[in-house]
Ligand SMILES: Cc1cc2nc3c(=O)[nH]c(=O)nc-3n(C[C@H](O)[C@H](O)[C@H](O)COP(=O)(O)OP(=O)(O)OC[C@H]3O[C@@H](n4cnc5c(N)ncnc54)[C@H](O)[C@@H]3O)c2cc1C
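Just one chain follows, in the form predicted on its own, and it is written as structure tokens.
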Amino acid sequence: MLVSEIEVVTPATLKECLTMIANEDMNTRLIAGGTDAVVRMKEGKWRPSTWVNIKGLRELRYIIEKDGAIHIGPLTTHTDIIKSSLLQKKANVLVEASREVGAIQMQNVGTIGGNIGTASPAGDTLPALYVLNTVLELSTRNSKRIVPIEEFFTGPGRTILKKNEMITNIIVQPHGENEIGIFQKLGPRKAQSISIVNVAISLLMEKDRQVLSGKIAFGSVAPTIIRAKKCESILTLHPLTDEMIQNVAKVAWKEVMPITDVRATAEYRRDMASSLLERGLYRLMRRWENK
């Protein structure tokens, strides 16, 4: 299919957009930043007859705090996230992840909603959203539902999103006073957005480096983002020492489930997942001591 054969429609409002995607006679797909669209079309994976261009829907681009949670519009760009003083203060793990989404040009146009909707297990913001206990608001023309992000993905490039639904709100839980987070990524080069392995970590700490609770989410090591539950449970057993960090990293090697592909072997990904987690925990330990 040639690009010239594809129709592009631009709704003026969210309501108009929801009406368009509810039309059973139209084979539609949403587009905003479009950073993945050309690649996926060349691969033959995305071939809608009509693209619905939502880039101009300002009502879906926001970062606000409300009722103890942070609400992020799906058209919020990675640059918006990086520059947000609210997120820098209360959800810095997401800021760090957005800084790693490719080159600056991609950060300027790519959206967090697009990163979620693409459902790539290598998506950089996704592990950060997992450790922030994120829920998604999915809307149709006539209804809304709230879904935990961990239930949204069903496999690489696959989600529970229905044809007549779109993401209209991303709700994250901010870090508390004694909670700290970090994002780590291994990629071929800085300007390439596809991670070989990535990890987000969030720890609730108290004095003497005791971890009260921890959340660890890995990307690029399974069909979807995974929470490292075994690692999380071990973190609370003893204070965060060199020995504890190294033990947790060893458990991570066994807990991830990577595959071999053109970017890396499964064994290399296991090694790097363990190494990234170890490095991240050391960074968090130093950050806590300097807090």
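What you see is a predicted model, and the numbers here were worked out from it, not measured in a lab. Don't overthink the numbering: it's just position in the shown sequence, from 1.
We do not show the form predicted in complex with the ligand, though everything after this point is about it.
- Three or more atoms of the ligand, overlaid from where it sits in the predicted complex, fall within 2.4 angstroms of backbone or C-beta atoms of the displayed form, which makes the pocket blocked.
- The ligand in the predicted complex is not approached by E150, whose heavy atoms all lie more than 4.5 angstroms from it.
- Of the heavy atoms in G181, none are within 4.5 Å of the ligand in the predicted complex.
- Remark: A249 does not count among the residues lining the ligand in the predicted complex, judged by a heavy atom distance of 4.5 Å or less.
- Interface membership of G34, defined by any non-hydrogen atom within 4.5 Å of the ligand in the predicted complex, is confirmed.
- V109 is the sole member of I171, V109, I82, L186 with a non-hydrogen atom within 4.5 Å of the ligand in the predicted complex.
- Residue M166 is the only one of M166, V135, M205, I196 with a heavy atom lying within 4.5 Å of the ligand in the predicted complex.
- Looking at 83 to 91, 112 to 120, 141 to 149, 208 to 216, the stretch with residues near the ligand in the predicted complex, meaning non-hydrogen atoms within 4.5 angstroms, turns out to be 112 to 120.
- Applying a 4.5 Å heavy atom cutoff to the ligand in the predicted complex picks out I54, P74 from 53 to 75, in order along the sequence.
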